[in-house]
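Here you get one chain, nothing else, as structure tokens; it is the form predicted alone.
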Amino acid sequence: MREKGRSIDDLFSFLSAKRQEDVSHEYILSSMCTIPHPVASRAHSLFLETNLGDPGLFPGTASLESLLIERLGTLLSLPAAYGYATSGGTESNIQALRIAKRLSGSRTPNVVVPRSVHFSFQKACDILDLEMRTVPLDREFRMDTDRVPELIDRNTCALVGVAGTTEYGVVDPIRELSSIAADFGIFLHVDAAFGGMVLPFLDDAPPFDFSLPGVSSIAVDPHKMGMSTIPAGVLLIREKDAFSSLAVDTPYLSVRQEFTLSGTRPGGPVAGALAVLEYLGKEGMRDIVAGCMKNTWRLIDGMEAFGIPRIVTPDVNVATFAKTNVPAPWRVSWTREGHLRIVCMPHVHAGIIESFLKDIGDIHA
């Protein structure tokens, strides 16, 4: 640490220079996060010093969290859902499995997940000492639910399905998983961190939410397609008592108990997430999602015109292709199978898609 502080001009000149070293969103085609909506940034700035970990001191901010849970619960077919704002999908997934483990009472619990599951489940199983049993995928990279029952035993505490997989943008057969979970009496968690803010705004989207009776909990991230500031995730759960299994005493705070993973929790991203939902409404969100899907299909059509086939037809705005060269300065990503992966987020507008296709065409035409 410096003995004497820096001047404001010198400090912010340094910070601005460092910010310029970051990749411009104009070339980021790999991220499931995006530029925050202006109303999210404005709302966030009003709540910089608020701490949802001590809600009695910030009742107004806490009421916004409750409203956010109500809005997202309604969107996902359960207005009376319980939940709280997390730091994102990783925390939500850890907490869901933590609940499932507590409710099971097993001394040697296991969880059954698809091979496409997000790497946060590896963290969760390591932290919680859970055996992770992996189900193969079908030809469309969805969980092969015919293989699920053979992996379930009396120590299985949870099933996991993904609604909008990170790598291929497809939705697992959640309806079938719901039936299996009900038949075996097992907790079913749906990781909809990405798809949860896409699928409700699509026509004929595959079922994945609380409308399916076997679904116990859902993770959804407003800081992805919800265009909130980072970090903004939400864990929703069907039964309120499930959270009670996580409660710890908090004697010196304004509440007697809490069930969250993080202690200090920022109010800014919660305000930002709610602000976007309130400002856009369903109509506005449908327009945003429709634009992203239109760009996804334009990208797929353009790539296939150059002889670069899609790997799978996605359910959400994630496109994957056969491996090919991608020129600088574009930033793409690759699946574990080596396929080219592009996410058509709101910042990846039509002009960016056309510019990318032009550069691809220059080397593939």
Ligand code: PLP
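Bear in mind the structure is a predicted one, so any value in this text is a computation, not a measurement. Residue numbers here begin at 1 and follow the sequence given.
Below, we turn to the form predicted in complex with the ligand, even though it does not appear here.
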Given 139 to 147, 75 to 83, 258 to 266, 89 to 97, the stretch touching the ligand in the predicted complex at heavy atoms within 4.5 Å is 89 to 97
Heavy atom within 4.5 Å of the ligand in the predicted complex, from candidates Val162, Met225, Val215, Val234, belongs to Val162
Residue within 4.5 Å of the ligand in the predicted complex by heavy atom, from His118, Lys101, Arg71, Arg133, is His118
> Taking heavy atoms only, is Met32 within 4.5 angstroms of the ligand in the predicted complex?
Replying inline: yes
Indicate whether the ligand has at least one heavy atom within 4.5 Å of a heavy atom of Ala193 in the predicted complex.
yes
Discussion item. I'd like to know whether Thr166 contacts the ligand in the predicted complex, with contact meaning heavy atoms within 4.5 angstroms.
Written reply: yes
| query | Taking heavy atoms and a 4.5 Å cut-off, does Asp221 contact the ligand in the predicted complex? | reply | yes
Taking the ligand in the predicted complex and a 4.5 Å non-hydrogen atom cutoff, the residues of 332 to 352 making contact are none
